[in-house]
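Okay, so here's just one chain, in structure tokens, the form predicted on its own.
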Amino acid sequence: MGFWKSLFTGSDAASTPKPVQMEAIPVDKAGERSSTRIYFSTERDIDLYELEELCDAVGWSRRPLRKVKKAIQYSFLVVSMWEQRGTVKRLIGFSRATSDHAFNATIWDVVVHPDYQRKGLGKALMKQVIKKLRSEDISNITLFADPQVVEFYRGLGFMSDPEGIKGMFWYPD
């Protein structure tokens, strides 16, 4: 619960959001250190083809780009994660959230490139999303998770159906 407690208490949770940057020095396959800058952005001007490549890399089904563009446009929050080596930057993570702008938000489309998974970057991406939502005084944060990533979200403090409320879904025939 320490992860969540740090987001809900202290002056940091109520402070005005600032541009977020995170420095990281990953270890390459040869075990040598390579200088790389990892940073987060809330800019919505994302190359949709680059986002599609990221989603392809994790095996997600393709979605019409016009709908992806609309989803980003109407999201309450968009957080992207970038790797920069010299002047070359690459989209390596993405997430977005919808909200009622008062109480509730739902996190969608959390994706981290497979080359960057299991390095703490997915956790860092989620921490940025939650921190931004908390800075907007959103206290009820939900998400939908595929079975293979449920444990990842549990490790961040998410609970399955904490109050016994069963979600319901409607899909067109």
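Start at 1 with the first residue shown and count on from there. Since the model is a prediction, treat every value here as computed from it, not as a measurement.
Keep in mind that the form predicted together with a small molecule is missing from the display, and what follows is about it.
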| query | finding |
| --- | --- |
| In the predicted bound form, residue 148 touching the small molecule (heavy atom, 4.5 Å) | yes |
| In the predicted bound form, residue 67 touching the small molecule (heavy atom, 4.5 Å) | no |
| Distance check, residue 62 to the small molecule in the predicted bound form, heavy atom within 4.5 Å | no |
| Partner proximity in the predicted bound form: residue 119 to the small molecule, non-hydrogen atom cutoff 4.5 Å | yes |
| Answer option from 141, 38, 110, 51, heavy atom within 4.5 Å of the small molecule in the predicted bound form | 110 |
